[in-house]
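Two forms, one protein chain; structure tokens for each follow separately as structure 1 and structure 2.
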Structure 1
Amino acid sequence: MTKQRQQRLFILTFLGPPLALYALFVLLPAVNAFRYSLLRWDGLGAPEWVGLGNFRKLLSGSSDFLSAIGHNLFLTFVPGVLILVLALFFAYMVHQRIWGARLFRVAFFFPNVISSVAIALLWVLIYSTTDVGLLNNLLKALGQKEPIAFTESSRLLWAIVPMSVWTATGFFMVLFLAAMENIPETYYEAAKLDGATSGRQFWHITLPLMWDVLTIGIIFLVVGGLKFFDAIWVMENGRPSPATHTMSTLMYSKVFEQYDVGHGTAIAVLLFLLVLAATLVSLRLLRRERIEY
């Protein structure tokens, strides 16, 4: 065998198996999702072609889909703004090598390594109306008479906000801290010589020079918010109401409880398109001239 043929064989044997697996279990189902979204099908009988009918129905407002998108947007932006502000503040503080910086960095990240199911259950306990409820006991000590049912459907989305902020802030802090540490010290020294305050340094040096990473952070937040599933599912005991459904939980209920495969996959396709659009738009809107240093 010639050297070249040997190499070709090597490439084939190394690239073949991973590519085949990826094509079979990711690309093929992704393509099939588009096909299923055009059918009326209960998953068992003969499917019926309905064209864009499923999408029309979802977007017409006669289903829970539009309110589900609203819930996703709420769960993206309300905690998202808080997370960004806190994470930037913490990263900036830790970056200044204050006393205990290492402890803050390590400890703030903790919630990110715990499973979302465990976090949701932990917060169910924190919000509990029984004697165990941490928050209601605190409120009682402050004079509140009746315990508040924080995780009731009508309040659940608001109750998830502190949980999301509690969970995600540490990750974004570490991400932003990495970007800040990559900015050469000389910029700050020059600014200090010119008498710039620490606030001015933050706005005029730190923030512009970490714009790329901030963009990535925002994309992570938006994509995560659009895909939101676990906490709603766990906190609603697998039965979300129209007041709490997100796109993902609605998709699950449509397919596995109402046996409506067409509408379920149409939701999945719209979710995909939203993730794609959000990523591309964020990249475009937030892309400034990349600053080389």
Structure 2
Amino acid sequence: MTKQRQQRLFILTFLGPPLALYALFVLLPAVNAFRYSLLRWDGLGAPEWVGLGNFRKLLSGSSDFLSAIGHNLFLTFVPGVLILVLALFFAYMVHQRIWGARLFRVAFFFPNVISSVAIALLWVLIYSTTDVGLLNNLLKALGQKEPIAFTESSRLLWAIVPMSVWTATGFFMVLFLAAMENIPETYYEAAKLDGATSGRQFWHITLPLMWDVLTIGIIFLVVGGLKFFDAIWVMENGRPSPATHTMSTLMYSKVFEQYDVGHGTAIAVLLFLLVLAATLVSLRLLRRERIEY
């Protein structure tokens, strides 16, 4: 046996089992999802071929799918802009070696080590209209007479915004901080000698040299917003309404509550295509000439 053949056999021995498992548990279910999306099926009886009928019904005006997309876009851009701005601000401040910088790193990142379901339950308590509701107690102390039901369907999307900002800002702060700390200090020293202010240093040195990492952060936010599920499901007690449904909660509801596998998998296919398109568009719009340093 030749050395090249031995190398191929060695690689196949180590890569073969994980590739087989990936094909069995990821690729095969994904292919089946595309097939199921063309059927009318309750998951138990005989499936019926309907072609693109499920997609046409989802994209019709009578479906909850279009409003669910709107909710996903809201949860992508409204918290996303706040998260980016705050994460950049805090990362830059910590990078400037302010007092307590190490403590801030741990404090801001802490929400990311907590389960997303636990975070949703925590904010349900914060928004509660009972005596344990921190926010309503604060408003009461400020003169508000009646408690506000922040988690009712008509207000829930806005109530999720501060929760998302509190949860995600620390992760992106650490991500951006790592990029900032890789920038050579000589650039900042040269800028100071030229009389550049801190703001000019940020716009003309920090931001361009961390643009690749910023692009990755934006893509994370877009994908996370399009796949939003946990908080809606928990805060609505597993019964989201048309006013709060996202694509993921609508997909889950169709498959596991209404036993409409065809529509549920059609939503999954459209969600996959939207995430793929959003990622490619983001990469295209944010693409810049790479700066070497």
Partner chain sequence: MGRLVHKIGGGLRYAVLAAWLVAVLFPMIWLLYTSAKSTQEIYQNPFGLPKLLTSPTAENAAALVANYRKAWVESHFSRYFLNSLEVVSLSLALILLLGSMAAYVLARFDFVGRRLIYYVFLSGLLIPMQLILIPLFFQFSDMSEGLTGLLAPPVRAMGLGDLTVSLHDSHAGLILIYVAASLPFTVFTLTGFFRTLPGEVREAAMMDGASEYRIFFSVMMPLAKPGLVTVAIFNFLGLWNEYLFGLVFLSSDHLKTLPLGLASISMQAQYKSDFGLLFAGLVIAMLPTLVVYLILQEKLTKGITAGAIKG
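All values derive from a computational prediction rather than experimental measurement. Definition used throughout: the rigid core is the maximal C-alpha set that superposes within 1.5 Å between two forms. Please note that residue numbering is based on structure 1, beginning with 1 at the start of its sequence.
Only one of the two shown forms is the form predicted alone, so please name it by number.
Pick structure 2 here.
Would the C-alpha of F25 be classed as shifted by 2 Å or more between structure 1 and structure 2 after rigid-core alignment?
F25 C-alpha, core-superposed: shift of less than 2 Å.
key: Core-superposed comparison between structure 1 and structure 2, L12 Cα displacement 2 Å or beyond   = Yes.
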